[in-house]
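Below sits a lone chain in structure tokens, taken as the form predicted on its own.
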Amino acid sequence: MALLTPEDLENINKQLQEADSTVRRVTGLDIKGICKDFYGTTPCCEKVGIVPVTSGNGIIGSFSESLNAIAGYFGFDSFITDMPDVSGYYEAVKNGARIILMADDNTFLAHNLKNGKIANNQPCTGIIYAEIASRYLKADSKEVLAVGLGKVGFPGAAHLVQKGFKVYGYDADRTLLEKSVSSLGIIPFNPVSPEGDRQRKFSIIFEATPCADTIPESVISENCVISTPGIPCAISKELQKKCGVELVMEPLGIGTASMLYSVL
């Protein structure tokens, strides 16, 4: 997945509200309701310490502030440490944090210090976006197209398989595709050149790539939902409007909520 930029995180509360509205139309529940129902957990005044990390490419502008806003949006009591890195971790613990949120270039994690549960953003994001897609109220079949089968996409596709969906999948990386076929039993399907299956359309599409315009019009059925954490967007605004696609897409909040609820 692509690294976030400050521009991706602009107006994060507005983005969350819009995503909430879409998720409610698609599933009948808002994001908080999906997380509560899926994980069977509810926040209860847990204090979340957000620790900035300076390693690698350094701190993304407004990232910690966005996490703080997201945690508050979903009912958590959160704060950002004054110090980064190890000093920040120490500060968070000393100030009573029960859950630590921190990220470097490779890993974004939530760690519950009381019960020991730990969550990685990549699988948590893939699973919650797949879960939202699986609850689509207007789905016309149990067939799903999964595009992108890497660290976010593979856990999402696996979740859909476990829920009994017939998953068609594609990844530009042949190794990732073959791994998904052999371990999950998904059906290879190239949405751009489907090789003899040109009439197949999907009302549920799960997309997890760092590429734009990965979903062509030919695979979009009437009443289609595309659930995607991918940046840039998997579908153009013009095509989304033309086909009436319900687009579940938000850069950080849904995956972060999934992490937080998973470690309660």
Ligand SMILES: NC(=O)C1=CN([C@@H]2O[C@H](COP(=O)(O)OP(=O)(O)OC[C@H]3O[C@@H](n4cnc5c(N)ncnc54)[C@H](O)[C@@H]3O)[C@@H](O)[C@H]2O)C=CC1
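Residue positions are given as counts along the sequence shown, with the first one as 1. Small disclaimer: the values here were computed from a predicted structure and weren't measured.
FYI, the form predicted in complex with the ligand isn't displayed, but the following is about it.
Backbone and C-beta atoms of the displayed form come within 2.4 Å of three or more atoms of the ligand after its pose in the predicted bound form is superimposed, which defines the site as blocked.
Although the ligand is omitted here, in the predicted bound form all of N121, T125 and L176 have a heavy atom within 4.5 Å of it.
Residue A172 is the only one of A172, M83, V93, L137 with a heavy atom lying within 4.5 Å of the ligand in the predicted bound form. Contact check for A208: a heavy atom falls within 4.5 Å of the ligand in the predicted bound form. The ligand is not drawn, but in the predicted bound form it has no heavy atom within 4.5 Å of T27. Of the heavy atoms in L252, some are within 4.5 Å of the ligand in the predicted bound form.
At least one heavy atom of G153 is located within 4.5 Å of the ligand in the predicted bound form. Heavy atoms within 4.5 Å of the ligand in the predicted bound form are found in exactly one of 140-148, 158-166, 72-80, 109-117, that being 140-148. For the stretch 216-249, the set of residues having any non-hydrogen atom within 4.5 angstroms of the ligand in the predicted bound form comprises P229, G230, I231, in sequence order.
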